[in-house]
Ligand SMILES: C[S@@+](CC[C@H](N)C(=O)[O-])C[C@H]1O[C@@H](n2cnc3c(N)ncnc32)[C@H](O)[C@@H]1O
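Coming up is one lone chain in structure tokens, specifically the form predicted alone.
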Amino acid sequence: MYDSREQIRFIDLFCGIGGFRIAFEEACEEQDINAKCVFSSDIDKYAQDSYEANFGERPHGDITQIDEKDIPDHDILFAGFPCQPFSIIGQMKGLNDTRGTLFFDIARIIKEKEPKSFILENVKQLVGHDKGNTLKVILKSLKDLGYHVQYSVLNALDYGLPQKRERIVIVGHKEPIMFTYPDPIKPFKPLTEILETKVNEKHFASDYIKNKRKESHKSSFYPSIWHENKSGNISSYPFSCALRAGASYNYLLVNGERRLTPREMHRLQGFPDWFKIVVSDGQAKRQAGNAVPVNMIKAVVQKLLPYVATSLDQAAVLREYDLKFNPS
């Protein structure tokens, strides 16, 4: 069936389980725009399994082995790129400095395909890495490619998700635009809308763990998620601390009693319940911990979308929408 709507083509690099894709497709659907993914890539087999189960296409593998000329033309590029290794960066030579890092693969694709815009995401520690030199090289590399570039550290907690998760979000655009980062959206969703009511016994901590937690901490919130840091100190809040792919099994406990279920972890990242979880609990924990917060990225997309639309009429409508609902 022919779709006459405005179409925006995008690529999804280091796509994981598709957080960027869900955020972008939801934002476009709300504005009656046809979002079309023309390329996706992730080296992890299990992430490919999850992506294929939910989007009907299997991502390409190792991006370092893919020629940038073979990637389809696109309007916008998304990448939640891995943060290692950055030790090679530091001489402020732009793209030459980034060779050997996975950021270089993003840069070479941008250089070849010249998309209208891009959104990149990484851990907030990137801001201070090597006394800020790493981020300076990354920004210089992008600017040298002819893009207007901005960055900000955003927190998923400020965009409706009950998870304190701070990430740097880098936005670039070919043309000078009036882009600003979205204002915080309050309040965040209560844990009662995240937590499942019927939970398998396998998710409950041992009596020893539960008793040890409750001997050392009493929460002021219910429900709450208890967090044990590396020093063994316990804290609890009506939201979750950041999900981590490689964290210890019991570092987050619901009410000090049980681990989060795979569905709960995906909800904390903003993944809708239609999203199929087709991997083991261990892989689901890893995938959720590596994902981007959908709501946070969607808020950024909504601010950028008026400037990515290819139809001038559509862009004008969207800019009017942006001024009405995002006046900052």
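Residue indices: 1-based, along the sequence shown. All values derive from a computational prediction rather than experimental measurement.
Keep in mind that the form predicted together with the ligand is not shown, yet the notes after this line are about it.
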*Taking the partner as it appears in the predicted complex, which of 37-45, 277-285, 23-31, 298-306 has residues with heavy atoms within 4.5 Å of the ligand?*
37-45
*According to a 4.5 angstroms non-hydrogen atom cut-off, is Cys15 in contact with the ligand in the predicted complex?*
yes
*Find out whether any non-hydrogen atom of Ala291 is located within 4.5 angstroms of the ligand in the predicted complex, and reply yes or no.*
yes
*According to a 4.5 angstroms non-hydrogen atom cut-off, is Pro190 in contact with the ligand in the predicted complex?*
no
*Looking in the predicted complex, any heavy atom of Gly172 within 4.5 Å of the ligand?*
no
_Heavy atom within 4.5 Å of the ligand in the predicted complex: which residues of 60-78 meet that condition, in order?_
Gly61, Asp62, Ile63, Thr64
